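In structure tokens, one chain follows: the form predicted alone.
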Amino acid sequence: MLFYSFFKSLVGKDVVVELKNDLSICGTLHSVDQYLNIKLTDISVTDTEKYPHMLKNCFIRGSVVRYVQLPADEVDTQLLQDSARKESSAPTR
């Protein structure tokens, strides 16, 4: 749940999502769910000659995402590290 809540805090920010088929999509993060499925608005594709049919919005299944590139100034690394420590030290069921 750590990544889910982290991505929820980035809604409205510009991100670049790289897919496993080497397609990179830039856009504004509109929403994310618990499966890390991502909805982007105002998208653009890095290789428009290869993928000219992309529209303004898209939904990306979480299992096809390779990387999500975030703006460095939007990431609170201290908060992320603290959350990771709390999650790893929590007792398992």
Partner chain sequence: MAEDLENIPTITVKEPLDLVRLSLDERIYVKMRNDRELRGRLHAYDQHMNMILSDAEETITTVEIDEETYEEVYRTTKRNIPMLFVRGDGVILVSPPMRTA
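Residue numbers count along the first chain shown, from 1. Keep in mind that what you see is a predicted model, and the values were worked out from it rather than measured.
There is also a form predicted together with the partner chain; it is not shown, and the following applies to it.
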| field | Proximity of Lys56 to the partner chain in the model of the complex, heavy atoms at 4.5 Å | value | no
| Glu18: heavy atom within 4.5 Å of the partner chain in the model of the complex? | yes
| query | Would Tyr35 show up as a contact with the partner chain in the model of the complex if we use heavy atoms at 4.5 Å? | reply | yes
| Is there a non-hydrogen atom of Val11 within 4.5 angstroms of a non-hydrogen atom of the partner chain in the model of the complex? | no
